[in-house]
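For reference, the chain that follows is the form predicted alone, supplied as structure tokens.
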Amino acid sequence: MRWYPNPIERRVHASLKWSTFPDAEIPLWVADMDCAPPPCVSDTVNRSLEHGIFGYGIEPKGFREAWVDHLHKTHQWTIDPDWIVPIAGVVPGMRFALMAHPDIQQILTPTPAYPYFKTVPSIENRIEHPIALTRVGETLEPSLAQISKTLETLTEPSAILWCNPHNPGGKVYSKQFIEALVATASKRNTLIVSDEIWADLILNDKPHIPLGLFASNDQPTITLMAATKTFNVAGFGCAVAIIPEPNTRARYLETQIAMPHVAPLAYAVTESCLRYGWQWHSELLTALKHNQNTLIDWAKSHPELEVTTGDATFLAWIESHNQMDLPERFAAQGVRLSPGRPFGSDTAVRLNFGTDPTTLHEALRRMDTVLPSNRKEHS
């Protein structure tokens, strides 16, 4: 695994992350890492170029087996291949979960959370019930009591949209929490849609607990997973919805007429990563832990900020104690971070530390110049 030594060069390749802003600015926003993917990706693409067949495709025979093997080996979750519904991405997969259930009008979502947790209920004309997460120690924690209390007040069918590991807080939920969440939803016959795209980017020794480990196979659950974040191949849109309960799966499948097909090359890249990308993945985790530690050390010099890097992902959630307008302050110094407002906080930003260490250090240096603690030290 290697970082691009000069990530700015990505601009010439129409990169969403790097080409959106002027050349002098450092973009650490969208969840796209500045590193080359595993060698198996180039091998797969080159083999595809050799045969040159780019028409409509179908799901390749080994695709489900790769997911079944991975989930069993890595997460101790044994699934039936028939539970898998291939989809073009986790975000559209979340929306299709609601489209498949027009009877469900009440949606519980964690806050702060990846913006689509709010956008999807809104565009589907559902009523959102935010579940506030609060900082406890080094992570953002939800309240099971609030989830339970909210469900008890609802008289219409409901669903919980969840995120494990959490984006942007990096929380990896414990066995006890997942068991309790599943039991709470089961008691109210509430659908759970669990975004688990970050399951294989855990930066400490906490195990990822898939929702399906503790939900019975006749409980309505939809687990959304993909290899795209893990192996830095977001341009190959491919994900899976894992749906054990037959009626829930049938309803979901009925919506697929409106879903873009997974491209043959995206299938092939995903399967190759799940089978052959793990040595690269081990090296990636080491590099991400190094950057995470850099950010943690930087945060110690800024008591006016609350910096959460959590257990997983390559994202940090930075809150201001002093109600500072962080996105504008940092943008003025040429550092572009994700504004907190779409996530649920006007006084926060999300920082992507999946970049070359030199780039990260330069971004943090620029951010220093507009923070009160730095000005006091140099006054």
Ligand SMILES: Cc1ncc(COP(=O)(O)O)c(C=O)c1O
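Quick note: we count residues from 1 along the sequence shown, nothing fancier. Since the structure is predicted, the reported quantities are computational estimates derived from the model, not experimental observations.
Form predicted in complex with the named molecule: not shown, discussed below.
Using a 4.5 angstroms limit between non-hydrogen atoms, residue 318 is distant from the named molecule in the predicted bound form. When the named molecule is considered in the predicted bound form, residue 229 lines it closely, a heavy atom lying within 4.5 Å. In the predicted bound form, residue 31 approaches the named molecule with a heavy atom inside 4.5 Å. Under a 4.5 angstroms non-hydrogen atom cutoff, the named molecule in the predicted bound form lacks residue 100 among its neighbouring residues. When you look in the predicted bound form, the only residue of 167, 109, 158, 221 with a non-hydrogen atom within 4.5 Å of the named molecule is 167.
91 is the sole member of 287, 91, 182, 295 with a non-hydrogen atom lying within 4.5 angstroms of the named molecule in the predicted bound form. Between 123-131, 138-146, 71-79, 159-167, the stretch whose residues reach within 4.5 angstroms of the named molecule in the predicted bound form through a non-hydrogen atom is 159-167. Heavy atoms closer than or equal to 4.5 Å to the named molecule in the predicted bound form belong, across 186-205, to the residues 195, 197, 198, ordered by sequence position.
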